[in-house]
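Here you get one chain, nothing else, as structure tokens; it is the form predicted on its own.
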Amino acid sequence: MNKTSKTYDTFLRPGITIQGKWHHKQYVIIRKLGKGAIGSVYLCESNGKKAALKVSDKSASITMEVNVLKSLGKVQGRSLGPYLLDVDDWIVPGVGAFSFYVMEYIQGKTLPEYMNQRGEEWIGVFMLQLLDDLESLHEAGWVFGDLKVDNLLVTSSPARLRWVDVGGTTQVGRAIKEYTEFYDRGYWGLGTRKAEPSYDLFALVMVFLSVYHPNHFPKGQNPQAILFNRVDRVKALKPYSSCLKKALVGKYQTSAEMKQEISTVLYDLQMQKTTRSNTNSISSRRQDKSSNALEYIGLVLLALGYYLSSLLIP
């Protein structure tokens, strides 16, 4: 890598075509999607298909992220992160080489947008879904690290939370390499920055608090009390408050533990809802806040499956 004051952002503009040095594939830049500590991500097009291209002058960091995506791709039956499509170098004449990789372009809504449109009944379903994916990630030897609202999108048909940036993913046992203060338990004084499942579970709680506190809030003199208070003040989170507080103070050692308790809460909520529905006239209970009720029911059945299977485990 040649040292230069000019960065990749200087050369990448809409309409520019870049070609890989080794694989010779061409990508037409459409627009910039975002920039992080390691590099920038651009929406691009190749052979009529859209993709996301991440470029950086930190080749070692790009290599690490590529290895993470390859590892996640080996988790059987899962699509934990974007699919990896290509890895190459881009040569800028007279300047030097920039490393890049190309991944699946995930389209969807942000979690707050989806919740606002479809209703709060989805919150438990998404908690359970995220915990299920985190369990697979942790079992594969990784911790997400920089888990936050900005790194999640809800895709449709069926509704599913997808991870759009794995830049902070860290091997279990190492120091978290990338984090955002609001979601970081170290910032709140409630744990270390060691990569372990409990680190991600703390961040998971902060993700759902962020849905209702988009502008975030200060940690104050007693961070734990502040967080507990914020959980209690959100009506939609109250059924899960005991689980969320346990995650905030590191009471869960694995995602599976939290998943089992969340699934139990969701099961109880559905039983209560069914009981209330049966006591009212059929005509007055026909309305559903969700425009894709069958999709929601399918995901709730997944939760019930977790609950029933937990009863069979001694």
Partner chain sequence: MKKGTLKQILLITDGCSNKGEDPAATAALALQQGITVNVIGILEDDQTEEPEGLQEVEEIALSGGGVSQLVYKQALSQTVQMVTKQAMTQTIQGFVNMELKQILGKEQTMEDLDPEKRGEIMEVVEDLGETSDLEVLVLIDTSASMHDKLPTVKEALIDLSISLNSRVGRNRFAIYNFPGKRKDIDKVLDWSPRLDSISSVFPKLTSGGITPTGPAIREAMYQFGKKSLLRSLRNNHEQDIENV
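Because the structure is predicted, anything quoted here is derived from the model rather than measured. Positions refer to the first chain, counted from 1.
Just so it is clear, the following notes concern the form predicted together with its partner chain, a form of the same protein that is not shown.
Heavy atoms within 4.5 Å of its partner chain in the model of the complex are found in one stretch of 109 to 117, 189 to 197, 126 to 134, 238 to 246, which is 189 to 197. Its partner chain in the model of the complex comes within 4.5 Å of a heavy atom belonging to residue 99. Using a 4.5 angstroms limit between non-hydrogen atoms, residue 173 touches its partner chain in the model of the complex. Proximity of residue 87 to its partner chain in the model of the complex falls within the 4.5 Å heavy atom cutoff.
Contact between residue 264 and its partner chain in the model of the complex is not found at the 4.5 Å heavy atom cutoff. Checked against its partner chain in the model of the complex, the residues 179, 122, 163, 208 give one hit for a heavy atom within 4.5 Å, which is 179. A single residue from the set 64, 269, 28, 256 has any heavy atom within 4.5 angstroms of its partner chain in the model of the complex; that residue is 64.
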